[in-house]
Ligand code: AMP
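The data below hold one chain only, encoded as structure tokens and taken in the form predicted on its own.
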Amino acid sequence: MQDSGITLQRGGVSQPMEQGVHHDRALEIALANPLAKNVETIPIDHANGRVLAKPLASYVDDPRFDNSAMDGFAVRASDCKEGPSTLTVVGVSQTGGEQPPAIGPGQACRIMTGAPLPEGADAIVMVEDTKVDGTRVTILGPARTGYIRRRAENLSKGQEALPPGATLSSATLALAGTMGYGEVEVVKRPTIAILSTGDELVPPGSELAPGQIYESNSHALASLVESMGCHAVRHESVADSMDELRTTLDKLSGHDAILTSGGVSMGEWDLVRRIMEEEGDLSFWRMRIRPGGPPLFGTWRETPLFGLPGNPVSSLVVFHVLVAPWIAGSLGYHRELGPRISRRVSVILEEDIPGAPGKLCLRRIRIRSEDGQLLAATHTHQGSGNMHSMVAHNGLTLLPPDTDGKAGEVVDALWLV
């Protein structure tokens, strides 16, 4: 059962804050405060990696006309049925050229790949299966109707071929161009600010004093944010000071969302949790997942804010199972064609993997393919501070609460991109 009896005072108004929520409920709460979706129109030359904001329907038939799939000769199949036959060449059909002459009985037209099919022709003979002598061509091989690309066999004018929420990549950009689009309407990249907190943090490459550690979470989170089609804005880490944290959050509230790392647990110096309780609008705190139990979500000055755990693995895991689907849901990403950093798969466990009492268990696993099956096992210890484990593994189990995984069982998992 999840706790939901905590009430916070914000500006004299009592509002409920849920505590210890299940994963689905956490996402539901977060999506009630979605990332703002704005759109812009850009040339397709600049659209690589962007996300379509609306469906694209073809302006043209594809192909626009019947054409040849081979270099060779356009013929009448009835003229080429019995043994070698010799036909009169009446012209040439070239791509981008004039309409070729029609052919009649006993005639052929030289044709290039992609060139229009002459009127009267119903088959193509490959150039390799012919012998040319002046204006005469001898047909030595089969005349194939299958070498003709028929008008609109790929797309019809007005047919919707690209859905909203699809990522524009090499194939989708080529298809948009084929359909006649010189520019496209795309989702404007939201900016997401990333802030790590803690007196002990110093930038990588600096000299370490006693008690200090290198700050790395913001770099990992920035990479994930960019992979989800947003623009990451990293801020230097802040010390454990309510005044400094407040000033920095106020500054970052001008972005579309804020991700913090650290300071969300139950300790006296977990200041992100404290400042959100006292001065922010906190919607939930703590999730029933392992690892990554203490995250929070709310708004700061009306800007959505996720407070992620400071442990490196927990921070990344929470992004995968909560922040990434929140971004996708907010911006209307297509389930299969939109940006994503993982995909749900079924794997066969190669070993027993313990679950977690009352919590969704996200054990790190290495997924591999063998004989058409996906197999999964662990390869390092599962400590939430062990970032090496996120490199040694490429997936996360999705073991339901109170469920252990047994060797040989099929379980759901996230295969990380």
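Heads up: residue numbers just count along the shown sequence, starting at 1. Remember, it's a predicted structure, so these values are computed and weren't measured experimentally.
Not on display, but discussed next: the form predicted in complex with the named molecule.
Only one segment in the set 93-101, 176-184, 153-161, 254-262 has any non-hydrogen atom within 4.5 angstroms of the named molecule in the predicted complex, and it is 254-262. Proximity to the named molecule in the predicted complex, defined as a heavy atom within 4.5 Å, holds among T138, T299, S216, S342 only for S216. Proximity to the named molecule in the predicted complex, defined as a heavy atom within 4.5 Å, holds among I289, L87, L201, L249 only for L201. Interface residue remark: S196 is counted as part of the site for the named molecule in the predicted complex, having a heavy atom within 4.5 Å. Heavy atoms of D79 never reach within 4.5 Å of the named molecule in the predicted complex, leaving it off the interface.
The named molecule is not drawn, but in the predicted complex it has a heavy atom within 4.5 Å of G310.
When contacts are judged by a 4.5 Å heavy atom cut-off, D270 counts as touching the named molecule in the predicted complex.
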